[in-house]
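Presented below, as structure tokens, is a lone chain in the form predicted alone.
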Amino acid sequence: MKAKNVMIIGGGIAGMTAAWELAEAGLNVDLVEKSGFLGGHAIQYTCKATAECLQCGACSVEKMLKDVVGNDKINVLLSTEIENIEKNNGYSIKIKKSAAFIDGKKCTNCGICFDKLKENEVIIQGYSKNNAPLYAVNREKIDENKIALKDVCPEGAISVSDKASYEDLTADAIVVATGFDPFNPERKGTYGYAKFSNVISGLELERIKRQSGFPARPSDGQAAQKIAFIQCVGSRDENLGNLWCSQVCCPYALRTAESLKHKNPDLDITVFYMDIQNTGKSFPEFYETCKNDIRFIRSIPVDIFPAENDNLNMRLFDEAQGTTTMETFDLVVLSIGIMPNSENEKLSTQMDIALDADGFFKNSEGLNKTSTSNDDIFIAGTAQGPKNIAASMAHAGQAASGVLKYLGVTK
């Protein structure tokens, strides 16, 4: 009997998990990812272990990426988008593969192109050694760097004349795992993001830690000594129309803060919050531990102003004292929320499945959070709403089970 084909739209942790589960069950999987790398946002996260594992999920993402790229039943399609979907005894799908410029079959991941053209920022490096290939070309920079790119690769893996191509695929079922867009903190203008160099997002802190190994200030590369985390940036904000809780921000920020404090006990860390989201059975105990190491102020700061040496003055209302005060920090980290993927509306129309009032994909059955109005299309991960890594993987596993049940396949 011919193996069934399933298309997964989105190569983040949910998409990879669903792809691996289905491939392990013997199905052929096309894994479509619009960026040049698998792993989504989660592959950028660093381990947050202290003396013990804090269950941040970063290692799970790394392992899943390795499993997916090593599975010959998963056809990974990077830099690829859905052009059209037609239902006809399954689905006929036209995909657009953007010019890759780097031939993954020739690339040896030597890094010569990245090292030679680092200042030009035309070569992008993936966040994991398991990304294949590990490098991609920044399309926004290619026109001004064509000459430099022409002969930089000793293996001849780079071609500046590469063009976009189209391909027709078929699928017996589809899993939508488009993930999320991080909230753009520039929308909270009073915090000075993109204006003050030492106001960064939590995701940017991850990249800094991955590169430097410590919380380096973008302004001068020096290790920050007094750090503020501001919670609920873009979440639970009536003025923005974002009334949902992103669920991941509290445990994420506290794990990050605790891991930084573990490595450097002299760090002065303050967390500004509205409420601490309690997630997981072990979180209350972890929260109590954090209270011994980190200062918590139940107040969201009002404004941030520049100070000497690129430090930051923060005006805030201290609920405990009942007064407005000003305090200086040398690094401010904004815990940005989870937003619906900007392409959800387009895909919703293409597949004739509904979005909820917030813009996430709407499940059609109350108890089955992976279902849609089409019984051969399933939702996985944060495409359906905010989730952490573990919950996204579990949800993707449920979506894969739904696919297998629909197709009548048993493991």
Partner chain sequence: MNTNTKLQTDMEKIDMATDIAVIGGGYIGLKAASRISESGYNVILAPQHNDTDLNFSILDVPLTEMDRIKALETEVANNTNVEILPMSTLVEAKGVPGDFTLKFVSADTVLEKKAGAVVVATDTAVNPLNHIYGLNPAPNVVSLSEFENLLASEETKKEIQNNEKTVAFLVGFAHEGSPLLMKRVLNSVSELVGMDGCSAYVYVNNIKVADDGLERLYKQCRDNGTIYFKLQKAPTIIQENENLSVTFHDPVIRNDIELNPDIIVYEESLIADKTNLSLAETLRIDPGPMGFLQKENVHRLPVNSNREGIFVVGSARDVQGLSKSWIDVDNMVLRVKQLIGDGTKSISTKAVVDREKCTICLTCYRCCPHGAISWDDKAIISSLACQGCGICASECPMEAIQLIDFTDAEMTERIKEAAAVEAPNAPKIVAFCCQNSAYEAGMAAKAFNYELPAGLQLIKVPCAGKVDIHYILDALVEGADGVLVLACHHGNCKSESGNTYAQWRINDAYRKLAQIGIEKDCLEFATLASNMANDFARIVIDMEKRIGQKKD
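Take the two forms, superpose them, and find the largest set of C-alpha atoms that agree within 1.5 Å; that set is the rigid core. In this text the structure is predicted, and so the values were computed from the model without any measurement. Numbering follows the first chain given and starts at 1.
The same protein also has a form predicted in complex with the partner chain, omitted here; what follows describes it.
The candidate site formed by 85, 93 and 336 is entirely out of contact with the partner chain in the model of the complex, as no residue has a non-hydrogen atom within 4.5 angstroms of it.
Of the stretches 302 to 310, 98 to 106, 210 to 218, 191 to 199, only 210 to 218 has residues with a heavy atom within 4.5 Å of the partner chain in the model of the complex. Contact annotation for residue 276: at least one heavy atom lies within 4.5 Å of the partner chain in the model of the complex. The partner chain in the model of the complex comes within 4.5 Å of no heavy atom belonging to residue 272. The closest heavy atom approach of residue 126 to the partner chain in the model of the complex falls within 4.5 Å.
In the model of the complex, no heavy atom of residue 145 sits within 4.5 Å of the partner chain. Residues of 54 to 87 that come within 4.5 Å of the partner chain in the model of the complex, judged by any heavy atom, are 55, 57, 58, 59, 60, 62, 66 in sequence order. After superposition on the rigid core, the Cα of residue 317 moves by 2 Å or more between the shown form and the other one.
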